[in-house]
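Read the single chain below, which is given as structure tokens and is the form predicted on its own.
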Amino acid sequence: MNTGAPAGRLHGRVVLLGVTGSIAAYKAVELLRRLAAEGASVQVLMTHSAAAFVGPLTFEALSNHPVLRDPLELLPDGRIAHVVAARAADAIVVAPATAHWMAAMANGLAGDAITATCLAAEAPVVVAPAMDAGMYAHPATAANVERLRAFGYRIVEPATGALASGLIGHGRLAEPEIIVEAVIAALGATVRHGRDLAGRRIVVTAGGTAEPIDPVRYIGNRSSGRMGASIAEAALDRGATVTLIVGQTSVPLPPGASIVSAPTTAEMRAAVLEALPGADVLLMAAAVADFRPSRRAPTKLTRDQAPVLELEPTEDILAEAAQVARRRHPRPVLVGFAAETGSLARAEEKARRKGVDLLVANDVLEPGAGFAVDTNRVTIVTPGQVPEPWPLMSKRDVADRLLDRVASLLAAGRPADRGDVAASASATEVPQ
């Protein structure tokens, strides 16, 4: 019977849910429920240690499928169960993922049903780590996380909060709704128009700038470049030709983009102005410094030469790009970013002053929206319109929704020229 209820965003998709041996395994029950509510057919895979935390019967009752626990398990017809599951999967999500499981997966060790299935699968894989803060911060775990990223796996960063040890730290499993959004993004289900940016040239800036004090030291910021890299990756997935201008970054950069290194504000300005002719869109997601030392020491300063730094303003790249763009027909779509602390009250005035089509503002002091995390909570400011707050979501999801908006502007034609263009820069001009 047709109830008239809308199909979920995962309608008709087969999602494998891998549960490993973490105390957070109980949260996988809610994750299963949410995946099913989005229309997915969910098959659960468990490590043997996971079954010590939550019984397989719970997952079987909720998924209406038997739980796969042994990589040697055969189906009644003699086929290898994990290979069949791998071939049927549209996506795999491992939540929670322990340090042990990530180490095994990073090294291709197929000792459990989940690693064996991931090795046999071609589907996108989403990994949501959960462990004690010290374990997640350990260099071995960090190396394994980056290796999984290099495989193309999407990592849903853990949250900061109360842990099973009784401590407060970075290692708490991300909330189920965030993990579900990551699965949807991995499948491309949020990209409503397919390759709707094919033939478009998009310029993205990412990371922070580093303003030298001497040949060794510099003034910088905490930007990892993750937001800009996510935008570039999403634009590539939608068919765009992407130039990614990067300062200081600590995240993998998407293959397929034309990478331009621009470590200082002056170098980034030159790179942006060089890339702007012919661009359809400029997204300024880099954290450009407001100030730089007015003098740079030619050699490394010694301890007894500690300087009193005199600072001078840096170039306002976005405002200058807006002035250049106003003289072009057709004019590129301009998107700015503003990382604020405590309030977004300045965002509307900044959007008008900068001369942008859209301004993406966030409060970096808000949990889950700051630096070096995989999530963000932004407010979209369009000059002359009421600001639009978006919920907490992964940075890739923010990128996809932002590009939906950009694609709409491109399809409708460039907005009318604006007369008030920026004259000065803001210190936190971009997010993380």
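Residues carry their position along the shown sequence, with the first being 1. Fair warning: this is a prediction, and the values are worked out from it, not measured in the lab.
Below, we refer to the form predicted together with ligand CTP, which is not included among the displayed structures.
Heavy atoms of every residue among 288, 317 and 337 are located within 4.5 Å of ligand CTP in the predicted bound form. When you look in the predicted bound form, the only residue of 147, 331, 201, 353 with a non-hydrogen atom within 4.5 Å of ligand CTP is 353. Just one of 195, 300, 87, 346 comes within 4.5 Å of ligand CTP in the predicted bound form, counting any heavy atom, and that one is 346. Contact with ligand CTP in the predicted bound form, judged as any non-hydrogen atom within 4.5 angstroms, is confined among 255 to 263, 155 to 163, 307 to 315, 114 to 122 to 307 to 315. Of the heavy atoms in residue 95, none are within 4.5 Å of ligand CTP in the predicted bound form.
Interface residue remark: residue 284 is counted as part of the site for ligand CTP in the predicted bound form, having a heavy atom within 4.5 Å.
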